[in-house]
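Shown below, as structure tokens, is a lone chain in the form predicted alone; questions about how it binds or moves come after it.
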């Protein structure tokens, strides 16, 4: 009997070990307003409950830049998270620094080629997910900037809410009509554009491309185009909104301040991410609509949002566990549900074939604007030393908006600073620069 009992205990322990879940951690940011951290935690709990092979601990890591810093620190400490939801434009730098694994092998284990796999996602999000023909990121939440506008303010100003501005000139004209003053005091700005770090660089890239140019070398991480007519013109446009037309507040306007001004009727139009649409919809008590960002020479907006990646330094077991989580989160049903909750568009195209997405669009036509705008979307800039290179232009544009410097000089400064930050990579990969 003792032998049978011992044997049964041994078998029981072996069975428990065989079915022990792989424990992994998952870093995720919340880059826009709203209760996204709560919903992400719910999704991870649902994944844990759906199977017994993997147990995920979700770790909220702040904004995109914070998540980047914490992930790098964890990799350098030899304790990388198994999966990270990372700003899509950081992926190139992670590849350059050998800090992210190619997902081709995991995709192949599911009997797909990298091309077949990435073909399930909208064309506009694919460039930021791939490097050298290999998949390094899986798009999960994506956005474009869109124009939000108060329809009551439009009516009050004699504007048709069904005809938002389409061109930059119309944008200025409408903003002038929408701006309200009490003597020398502006009580309602016609327009406010978010100008804090990260969002500002994103928005300037879109304005620059709309103005006929490009923002960076899409095929190589060592070159940006700050000191060019198209980018200088985009910054001049923002400067004019503040200091010439007086329709936009001076200085740096962060996302929370801009949203609160919109809610309170202190700004009639704002440019914000479609990822904030759920938050705006929940908190805006006045009627509003959304539209394409107005164009200069062409419609053009940058892709924003985040992709899922697996950092280097994880064991094959943890990589496989992370892939199961990634596959779950980017499935059409889960990806579509996240889109409906947040306002981000679902990068997985099949999500829009689901009845619940069709019903959601029927009830919330504003959600369709970002998807329609994808026809004009381009990759968000990705370079070596991404954050530093981005801040090189953001610092200068913020100085312009504060009235401290003129656009042409600012962009010359930004280009010089960016070139210095990019120089190590340039020398390693392309050419030897003179001292």
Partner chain sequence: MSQTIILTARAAAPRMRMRTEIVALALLAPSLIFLAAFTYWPVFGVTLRSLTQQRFGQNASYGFDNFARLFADPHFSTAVHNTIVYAAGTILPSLALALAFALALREQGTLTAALRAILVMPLLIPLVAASALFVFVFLPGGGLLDYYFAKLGLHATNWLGDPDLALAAIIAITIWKNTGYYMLFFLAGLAGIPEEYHEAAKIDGAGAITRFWRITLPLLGPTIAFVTVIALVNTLVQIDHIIVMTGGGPSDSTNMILYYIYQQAEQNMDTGLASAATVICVGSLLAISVLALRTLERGIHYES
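Numbering follows the first chain given and starts at 1. Keep in mind it's a predicted model, so treat the numbers as computed, not measured.
Beyond what is shown, the protein has a form predicted together with the partner chain; the following relates to that form.
Chemist: Does the trio 71, 74 and 313 actually contact the partner chain in the predicted bound form, every residue with a heavy atom within 4.5 Å?
Modeler: Answer is no for this spot.
Chemist: Please name which of the stretches 22 to 30, 362 to 370, 384 to 392, 42 to 50 has residues with heavy atoms lying within 4.5 Å of the partner chain in the predicted bound form.
Modeler: After filtering at 4.5 Å, what remains is 384 to 392.
Chemist: Report the residue, out of 160, 110, 353, 250, that has at least one non-hydrogen atom within 4.5 angstroms of the partner chain in the predicted bound form.
Modeler: Residue within 4.5 Å of the partner: 250.
Chemist: Taking the partner chain as it sits in the predicted bound form, is residue 96 in contact with it (heavy atom to heavy atom, 4.5 Å or less)?
Modeler: Yes, residue 96 is a contact residue.
Chemist: So in the predicted bound form, does residue 412 come within 4.5 Å of the partner chain, heavy atom to heavy atom?
Modeler: Although the partner chain is absent here, residue 412 would stay clear of it in the predicted bound form, with no heavy atoms inside 4.5 Å.
Chemist: Just to confirm, residue 398 within 4.5 Å of the partner chain in the predicted bound form by heavy atoms?
Modeler: The answer is yes: residue 398 has a heavy atom within 4.5 Å of the partner chain.
Chemist: Counting only non-hydrogen atoms and a 4.5 angstroms cut-off, does residue 328 reach the partner chain in the predicted bound form?
Modeler: Residue 328: no, not in contact with the partner chain in the predicted bound form.
Chemist: Taking the partner chain as it sits in the predicted bound form, which residues of 398 to 426 have a non-hydrogen atom within 4.5 Å of it? Please list them.
Modeler: Result: 398, 399, 402, 404, 421, 424, 425.
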